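The chain below stands alone, shown as structure tokens; this is the form predicted alone.
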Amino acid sequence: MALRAADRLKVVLNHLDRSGVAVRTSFTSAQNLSHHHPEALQYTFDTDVLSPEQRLAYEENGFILIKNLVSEEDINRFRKEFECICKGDVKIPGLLVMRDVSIAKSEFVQGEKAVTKLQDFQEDPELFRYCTLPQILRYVGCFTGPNIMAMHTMLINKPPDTGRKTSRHPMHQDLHYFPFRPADRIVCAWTAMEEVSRKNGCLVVLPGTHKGTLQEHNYPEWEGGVNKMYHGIQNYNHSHPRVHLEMGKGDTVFFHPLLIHGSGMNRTQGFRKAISCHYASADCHYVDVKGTTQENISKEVEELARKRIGSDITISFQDSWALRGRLVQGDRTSL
């Protein structure tokens, strides 16, 4: 009798990954766009959390979607904290509040430009709870290993587009922003705080592009303008198959930092919210980006740091990440 598909995958994994840990089989909720088995499993660890199908899906596509991972209660608490920050009821040291270049109408505060993103919320105990949720970390460990650093935190509040298309996010690779390696030990957890669809600008990913290299990024030449730090890849294959990640409240996608992704315009009247954290193995190491394609973002981050803390203090690109990073599991071995 022919082996079932899951049993065949077990056999493949037993040959590829002999860690001695039992493999639990269940079907992935990610879209598996490839029918070819990878030659080796280089992107995940066998922790008995991901099923064989899920590991192969991430191997081939560079992302995996987990349904209903974060509770409605937690998401509502994060939303309430975001509202308090927008109203000025909560002041967080080091928090970067970003606003759209063309959106004049704010969601919570009258007469102010819209808050479109909170960045670096690691000093906010309530929002940082997201980065420490056990159900998130059990998946993160599949990609990073047991020593986990929360390196980059964001709450995205994509506004209704004004017609200038500034609510778009250009196609990019997150590794462009990070001066630490190896890339395979970095992963993003991105959780929808409400229904996310093509209408309100869901994530768009190019499956399999995580197997490529880091591309050159810069500000796209868009007529309506581009928001600060929204770098994009100048030249990528526009005919590459793409997936629009429509998600429900609490759904979470985990993806590789080399995966090319972006998001479209928000064509609705509401704001589209998501919360995310980039994690890295604490065993990762910093690299010098001078003379590389990352030198432009390095200079921009260093200039921003001087504006925030004073022109008489110099903080390097690497130092800015070391200051933001927080250990959330295991030991802080290197980063």
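Start at 1 and count along the sequence shown; that's the residue number. Just so it is clear, the model here is predicted, and its values are computed rather than measured.
What follows is about the form predicted in complex with a small molecule, which we do not show.
- When contacts are defined as a non-hydrogen atom within 4.5 Å, none of 77, 123 and 133 contacts the small molecule in the predicted complex.
- Figure note: of the listed segments 172-180, 210-218, 82-90, 135-143, the one touching the small molecule in the predicted complex, with heavy atoms no more than 4.5 Å away, is 172-180.
- Site annotation in the predicted complex: the residue of 150, 127, 189, 154 reaching within 4.5 Å of the small molecule with a heavy atom is 154.
- Mapping the unseen interface onto this chain, residue 203 counts among the residues with a heavy atom inside 4.5 Å of the small molecule in the predicted complex.
- Although the partner is absent here, residue 256 is not a contact residue: none of its heavy atoms lies within 4.5 angstroms of the small molecule in the predicted complex.
- Among heavy atoms of residue 117, some come within 4.5 Å of the small molecule in the predicted complex.
- Contact annotation: residue 263 falls within 4.5 Å of the small molecule in the predicted complex, judged by heavy atom distances.
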